[in-house]
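Just one chain follows, in the form predicted on its own, and it is written as structure tokens.
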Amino acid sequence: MTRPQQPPGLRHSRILGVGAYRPRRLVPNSEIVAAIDSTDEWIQTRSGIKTRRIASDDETVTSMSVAACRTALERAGVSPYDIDCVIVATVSHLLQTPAVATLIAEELGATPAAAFDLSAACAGFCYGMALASDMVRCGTAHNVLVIGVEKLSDITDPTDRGTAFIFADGAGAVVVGPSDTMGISPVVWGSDGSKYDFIRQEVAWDDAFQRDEATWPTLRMEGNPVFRWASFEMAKVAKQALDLAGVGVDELDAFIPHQANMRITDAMARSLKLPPSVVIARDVADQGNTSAASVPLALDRLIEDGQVSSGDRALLIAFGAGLAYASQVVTIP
């Protein structure tokens, strides 16, 4: 069965609802310091992370996504059948094909919605938001589900001092639909492939399993170069996004950056000269770095805690492996 095409020419888009899923298991720094010869103080000083969420075997990329989507759909007042496209941003769905988006759509009851996965690492959710917004604005879709989900614990080496304390698991989702006014600004996005190896999978799958002793591929990161790049270059991207949206920093209500590192967040806030009235998302302290899931999880946390209200303006920015980045201004649903 083919759904009727939505009429072209929808002028604006917005977020209609937000949902999240946080794994049950909360892991404090004390549980991981021995394996990486570290301390709680060192981890908090370096990253701001106190605890992180780690998924159990029954908390999969699919199940976490479905749970987050159901909440987002309920809050948006949108039926799964009214979803025209499902976009999943992830790097930790371990099947090369088929896309996990198709399974999520089926479990939600959104079939025959278009569905595909998107690989842009930590920038993936903001990439997905840009695509969804353009789909709605041009009439390709009426309602789009955008999901950021990771189970990074599957691809993290628990003995690697550079990554073991950082990465975590979770899922966040939004429903993007039509609006009479601009609720999602044009995106500023790009990449810098000259720094392709700064955040990477240690070995390719084929190399890993052609060796005499198979090595499970895990993530590696050049922490200091990534910190310098993100702290200074991403503030410039955020300023471009504000300019493109026609929004001044004094008109912002919230700043929701990728939850990579508290020091990076603080450096960007200083560079942007954010006034004290702007709420800054700091979900990384309790959730850890969930890559593509971090921005929607942080957005959901601010809404749940009452730190932002419907109609508030928030600046989103995400950056990560590739090095890929994206930023846009959105209206809180």
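Computed from a predicted model, the values in this text were never measured in an experiment. Note that residue numbering follows the sequence shown and begins at 1.
FYI, the form predicted together with a small molecule isn't displayed, but the following is about it.
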Inset, instruction - With heavy atoms only and a cut-off of 4.5 Å, decide whether Gly162 touches the small molecule in the predicted complex. - result: yes
Legend entry - Pro186, heavy atom within 4.5 angstroms of the small molecule in the predicted complex: no
Legend entry - Partner contact for Glu304 in the predicted complex: the small molecule, 4.5 angstroms, heavy atom: no
Legend entry - Ala72 within 4.5 Å of the small molecule in the predicted complex, heavy atoms: no
Inset, instruction - Note which of Ala254, Ala241, Val100, Val226 lies within 4.5 Å of the small molecule in the predicted complex, where distance is taken over heavy atoms; exactly one does. - result: Val226
Inset, instruction - Scan Ala113, Leu118, Val237, Met221 and let me know which has any heavy atom within 4.5 Å of the small molecule in the predicted complex. - result: Met221
Inset, instruction - Would you point out which of 226 to 234, 80 to 88, 142 to 150, 128 to 136 contains residues with a non-hydrogen atom within 4.5 Å of the small molecule in the predicted complex? - result: 226 to 234
